[in-house]
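Okay, so here's just one chain, in structure tokens, the form predicted alone.
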Amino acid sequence: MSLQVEPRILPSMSTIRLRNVSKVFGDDSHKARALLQEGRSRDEILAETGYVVAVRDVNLDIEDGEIFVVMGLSGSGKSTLIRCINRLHPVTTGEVLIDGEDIVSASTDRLRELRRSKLAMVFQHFGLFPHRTVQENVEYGLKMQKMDVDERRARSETALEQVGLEGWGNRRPGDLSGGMQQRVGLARALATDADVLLMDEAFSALDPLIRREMQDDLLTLQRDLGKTIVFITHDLNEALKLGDHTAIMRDGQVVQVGTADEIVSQPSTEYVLEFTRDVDRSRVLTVGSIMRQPDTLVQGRDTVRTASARMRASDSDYMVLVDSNRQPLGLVLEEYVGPAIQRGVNDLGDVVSDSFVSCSTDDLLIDTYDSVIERQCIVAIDEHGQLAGVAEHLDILSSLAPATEITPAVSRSSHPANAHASTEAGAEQTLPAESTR
């Protein structure tokens, strides 16, 4: 059965839009297209024609300046999909829009121009020329653009500096470690100053420690450069660490798109649920994803007696005291209110407690453990320093338990809804890995 993904129209144009993109490996594209339109299943098409449906009916919006991760096991179609974006694989059906231009119908000359100036690719196995120096490898794309020698030399040196390889330009790739060779591949892509980086399993061949270093380096570079990056991986932890949004693929179809929080806390299919079961949720979930709206009191307007009445009405044992700009000042605890009334105290400032931890809504739960253990709660603030919500110990502990049921997919804030996602799309992988990676 074909998994239908309904695209949500964004208020501003995405850098990349995929609309009903399918890729079938076979000699007769017209026949493959007809079978897809008939709604024939992957297995039926394979049995009848010998053609392999690698990607089917994919709809994605990838926004300017984000890292968008496509994640799936071998055979899921993720690497085929990224090669459809730069048309290394001709698309069987659908549109691939780059800033509104459909590259599926682009001429050969126009496609060549796009690959040289707008789309740069970083491969899993580096793709370096062993007989050229590091600098010559980095300059290669610029040379193909017929750029002046001095300018391309300056650009390549800047790119090598950005990836931490300053001074290595005269060495050969064989003199470098695997991690350093991958940095050369990344520098080559950066040197072209392309708007979009397509990274296909770029870190998969690296040792775990070097891989983590490269992930951190990529995030640092992204903060400085703000490229649009499409990153392919089979590692869910890598996807959740790097991706502003992640699409999970299975059998050539996208089964869920979302942020790390959404995928871990709201898996939309049994397949995604199983995938996320062993994820360290404390390294994925943020304070903002588990916080709730607190009861509040305002300094200068409310009194101790007001606090007492509101706590009785809400059955709460504390409230957050804020100033007139909604910036948190402390907690007013039930245990302090009664004695204060008996003493005739009515100013909330005299009963405020600092038994809380203030943090950002973007902070990971793992970073709150040590500081919150002896405190009443976490008080989360937004980018303006205003109260955004609270989270107690029980909120944190309950959020760390793996999800036990799927959540029907809903419209995402900036990506296509998976409104008709079906667990039927999660059948076991059947395609040869070499065909649809």
Partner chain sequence: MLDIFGHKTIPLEDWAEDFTFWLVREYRPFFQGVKWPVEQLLENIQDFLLWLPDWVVILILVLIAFRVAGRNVAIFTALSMMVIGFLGLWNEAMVSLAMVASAVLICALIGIPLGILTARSNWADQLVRPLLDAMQTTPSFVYLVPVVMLFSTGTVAGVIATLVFAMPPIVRLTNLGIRGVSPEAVEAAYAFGAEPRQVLIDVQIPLALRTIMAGLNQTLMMAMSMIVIASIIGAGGLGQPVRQGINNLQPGLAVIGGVSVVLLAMVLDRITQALATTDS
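Here the structure is a predicted model, which means the values were calculated and not measured. Positions refer to the first chain, counted from 1.
We do not show the form predicted in complex with its partner chain, though everything after this point is about it.
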Is residue 128 near its partner chain? Define near as a heavy atom within 4.5 Å, in the predicted complex. yes
Test of understanding: in the predicted complex, would residue 183 fall inside 4.5 Å of its partner chain by heavy atoms? no
Is there a non-hydrogen atom of residue 88 within 4.5 angstroms of a non-hydrogen atom of its partner chain in the predicted complex? yes
4.5 Å heavy atom contact, residue 115 to its partner chain in the predicted complex: yes
Assert contact residue (its partner chain, in the predicted complex, non-hydrogen atom within 4.5 Å, options 281, 245, 188, 250) equals 188
Answer key: of 83, 152, 227, 241, within 4.5 Å of its partner chain in the predicted complex (heavy atoms) is 83
Among 208-216, 345-353, 311-319, 142-150, which stretch has residues with heavy atoms no more than 4.5 Å from its partner chain in the predicted complex? 142-150
